[in-house]
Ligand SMILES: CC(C)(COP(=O)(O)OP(=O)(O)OC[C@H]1O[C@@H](n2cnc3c(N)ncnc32)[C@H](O)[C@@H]1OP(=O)(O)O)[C@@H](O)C(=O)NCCC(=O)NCCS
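One chain comes next, on its own, written out as structure tokens in the form predicted alone.
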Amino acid sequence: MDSSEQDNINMIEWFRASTSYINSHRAKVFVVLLSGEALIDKNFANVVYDLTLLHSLGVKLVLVHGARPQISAALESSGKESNYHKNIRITEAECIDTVMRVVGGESARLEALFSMGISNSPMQDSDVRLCRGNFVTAKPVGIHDGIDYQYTGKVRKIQAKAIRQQLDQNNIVLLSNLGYSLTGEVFNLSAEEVATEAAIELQAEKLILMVPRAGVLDDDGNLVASLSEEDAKFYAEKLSKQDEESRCIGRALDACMRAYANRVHRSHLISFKENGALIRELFTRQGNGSLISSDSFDNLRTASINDVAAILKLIKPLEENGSLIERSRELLETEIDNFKVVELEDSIIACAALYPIGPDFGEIACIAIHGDFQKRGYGDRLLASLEAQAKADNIKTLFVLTTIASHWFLDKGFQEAQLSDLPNQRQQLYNFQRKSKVLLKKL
């Protein structure tokens, strides 16, 4: 079998495997954020092709575009300065005309891109209709800390009924970062806020935010494929203190958390720079982005007695190579309440445990991840979840005894310590033959 024939077989198998996703996505509402940075990226034409494919498969699309870098460039070229307070642009009266011109131009350019029908291209015979309108009612941000934000606004209302009417007519609805007040004024809004509020009002199946990276990355640069609400909060706070690209991911996570809190239970962070990332995230099991979800597709939860057999199977290879101390079924059954597990499509793929030791200490133990799912951020998720639980239980110090993973724990804020730093009852159980390193972390 030559390579081209194998490629054809792989394509056929992928297409067959995608059938269940096609069926589940049909007639569902997806709200997609296209930032101003996405609109000017060299891969954006491919993003348009993929959105057109979603539309042709029966997905009801609401697209929300921003224009942050375009507005900044236009203001600079006209000699006006972009002023911010708490990372929010102050839109002065003399700037709002420039904002309207720039945003209107980007909306028109998007309409043109979705109107293409070039032969031998993904857009051929697509017959896509985009609909724009005054679907977003806005109000002024007002004055905060003595700063008047002037024509910077917030979402007052999303005209959900009118949007649904357009979706029912098989139109794609296009929203921008402009909103309109009850007194006829135009306000400059955050595109992330517009997308989030639209997803909430429409009770969208998905909120999709196209971002400049593959999604959320852990400290080693590996993609965190799935996050709980707890994980999203952890990473959003962390990213908010880093560079602009990281802060962009942080803002997207904040949007996801607001959507999550208002019954939009599946949000995706997907790269606008990577060709086909949107399709791979939505139509393959492996995905190609970060998913914030409330369902059991990838569920981090407290373990139950029914998970004992799966945990034993998961940790057995690590016991055999000496990384973990062997646990019997009987012992694990008595300790099961200390464990958390990650469940993926009815299979336990990762686990970890927190053992309270005395009033102030807690031991992190038994972190194990199935070989097929390593370097995907599951260790980070489990550790973050156990740290949050420890704080809730008023544990002041976490410790871990490890023979091979000390560098990983050091990267997570643990520090090397001595055996004498542990509580007395744990010192007495220390195995001197294993020579495990002692690491501590103050909470």
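Residue numbers run from 1 along the displayed sequence. Take the two forms, superpose them, and find the largest set of C-alpha atoms that agree within 1.5 Å; that set is the rigid core. Every value quoted in this text rests on a predicted model; they were computed, and no experiment measured them.
As for the form predicted in complex with this ligand, it is not shown, yet the points below apply to it.
- Proximity to this ligand in the predicted bound form holds for none of Gln389, Asn394 and Lys442, with the criterion being a heavy atom within 4.5 Å.
- Scanning Leu113, Val186, Ala310, Leu318 against this ligand in the predicted bound form with a 4.5 Å heavy atom cut-off leaves one residue, Leu318.
- Of the residues given (Ala138, Ala236, Ile369, Val128), Ile369 alone sits with a heavy atom within 4.5 Å of this ligand in the predicted bound form.
- Interface residue remark: Ile90 is not counted as part of the site for this ligand in the predicted bound form, having no heavy atom within 4.5 Å.
- Put simply, Asp380 is close to this ligand in the predicted bound form: some heavy atom of it is within 4.5 Å.
- For Leu54, no non-hydrogen atom is located within 4.5 Å of this ligand in the predicted bound form, even though that partner is not displayed.
- Heavy atoms of Ala417 never reach within 4.5 Å of this ligand in the predicted bound form, leaving it off the interface.
- Stretch-level contact check against this ligand in the predicted bound form with heavy atoms at 4.5 Å: of 177 to 185, 271 to 279, 228 to 236, 322 to 330, the positive one is 322 to 330.
- Contact annotation for 395 to 434: residues with any non-hydrogen atom within 4.5 angstroms of this ligand in the predicted bound form are Val400, Leu401, Thr402, Ile404, Ala405, His407, Trp408, Phe409, Lys412, listed in sequence order.
- With the core held fixed, the Cα of Phe373 is displaced between this form and the one not shown by 2 Å or more.
- Leu318 shows a C-alpha shift of 2 Å or greater between this form and the one not shown [criterion: core-superposed Cα displacement of 2 Å].
- Relative to the superposed core, Glu363 undergoes a C-alpha shift of no less than 2 Å between this form and the one not shown.
- Closer approach of the C-alpha atoms of His265 and Tyr378, by 3 angstroms or more, is seen in the predicted bound form than in the present form.
- Pairwise change in the predicted bound form: Leu223 and Leu314 C-alpha atoms lie farther apart than in the shown form, at least 3 Å.
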